[in-house]
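Listed next as C-alpha cells is one chain, alone, in the form predicted on its own.
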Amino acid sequence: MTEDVGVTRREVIRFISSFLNRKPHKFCPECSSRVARPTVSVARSLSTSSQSHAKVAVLGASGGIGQPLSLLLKNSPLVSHLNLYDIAHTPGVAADLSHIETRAQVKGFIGADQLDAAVKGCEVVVIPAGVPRKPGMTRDDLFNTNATIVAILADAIARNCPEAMICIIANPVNSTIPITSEIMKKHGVYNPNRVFGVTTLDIVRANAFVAELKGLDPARVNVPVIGGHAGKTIIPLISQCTPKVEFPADQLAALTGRIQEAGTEVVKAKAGAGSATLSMAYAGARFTFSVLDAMNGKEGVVECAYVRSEETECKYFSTPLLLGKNGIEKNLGLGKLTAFEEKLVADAIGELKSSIKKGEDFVANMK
C-alpha cells in the first residue's frame, strides 16, 4: 500500500487484525460448561504481554499449510522466535517472512541434519508436515508416509524439547497422535497433557456452516466437535451450539454429513491441486494462539482437541479442554448428548479404536 492512497502502516495492521479476528469459547468454572460467547482472538497477534516470548517451531513449514501458518505465527507478538523446518525451501520461506516488521525472529532449517537444531529448546512445536490428500484419497491412504514422518519428528522432539506443547496437524490425526505418544513413551518423556491432535478445523467449519444456514455472525457461533478427525469420527454437537440453534432431522443429518466430509469437499473443488491448506493454517494458528495464551496465564481458554482420554472406551478422543500453563488443565468431557449424537459416538468408536491400534502397532514394529 502506498502513501498516495492515504493508507498508513498502522491502518494496514488494524485491517489485518480485524480480518483475522476469531474467538474461541470461554470456560465457566462455576458450571463447568461452555459459555455462549467466544472471547479470545486469533489476531491477539496484536496484543502484548510481558510473558509473550515463546519459541515456536513449525515442522513442515514449506508446505501448503506450513507457509500460511508460519505467516500467521510471525504476525503474533506471542511468538519471539519462530523456527521453520522442512526438507526443502525453508531458507527461502524464512528469508521472506523475516522481512515482515513484527518481533518474531525467524530462522530456517533444512534437511535431517538440521532437525535437532530446529526444535532445540522450543516451547511449542506445530507439525503440519506430511503429504496432502489428493482426489480419491482417504486420510488412511496417507498413513504409511505420514506415520514415518511424524515418528521421526516426534523422536527429535523427545530428545531436544521433551516438555514442549506438541500440536499435530499431520493426518491421519486419529493415528498420528498415538504414534507421537508411543515415541515419547519410548524416551520416557511422555506427558499426555502436552500432546494435542489439532481438530480445530472441524470446529471452524461447523461454526461457518451453522452461521451460513441460520444467518448468524460466524464469529459468534461456537459448535463443539468431539470424537476424531476423519469422516464419521468427526462428531459436531449441534445441540450444544451457542447461540442455541435447531434444525429439522433431515437438515441436521445433512449438516452433520457436510461437516464430516468438508475436507473431501475442498479436495474435489481444488481438482487435484491440493487439499484444505488456508483454512487449516487458520485453524492451526487459532489453536496455537490458544495454547500460548494459556501458557501465559490467561484463564478460561477452551479448545477441542484429540488427546489421551478416559471419556469413552477409546484411549484417545477429542473433547473440549480447559487449557492452562502446563497444557490440559481439565477435560470438559462430552456434555449432554442427544440420541442422535449418542448414535454418532457409538458409530465412531470402532473406527477410532482401529486407527489408534494402527498407530500404536506402527511404533511397536519400528526397527
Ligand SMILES: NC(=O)c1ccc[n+]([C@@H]2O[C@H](COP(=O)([O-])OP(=O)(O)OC[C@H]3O[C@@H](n4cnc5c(N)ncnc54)[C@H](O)[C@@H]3O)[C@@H](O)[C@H]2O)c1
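Because the structure is predicted, anything quoted here is derived from the model rather than measured. From 1 onward, residues are counted along the sequence shown.
FYI, the form predicted in complex with this ligand isn't displayed, but the following is about it.
- Contact annotation for residue 207: none of its heavy atoms lies within 4.5 Å of this ligand in the predicted complex.
- Contact check for residue 288: every heavy atom lies farther than 4.5 Å from this ligand in the predicted complex.
- Although the partner is absent here, residue 294 lies well away from this ligand in the predicted complex, with no heavy atom inside 4.5 Å.
- Taking non-hydrogen atoms only, residue 65 approaches this ligand to within 4.5 angstroms in the predicted complex.
- This chain is drawn without this ligand; in the predicted complex, the residue among 213, 71, 131, 252 with a heavy atom within 4.5 Å of it is 131.
- Interface residue among 235, 173, 223, 126 relative to this ligand in the predicted complex, by the heavy atom within 4.5 Å criterion: 173.
- The candidate spot formed by 191, 193 and 332 is out of contact with this ligand in the predicted complex: none of the three has a heavy atom within 4.5 Å.
- Contact with this ligand in the predicted complex, judged as any non-hydrogen atom within 4.5 angstroms, is confined among 80-88, 215-223, 183-191, 157-165 to 80-88.
- Annotation for 264-299: interface residues with this ligand in the predicted complex are 275, 276, 277, 280 [heavy atom within 4.5 Å].
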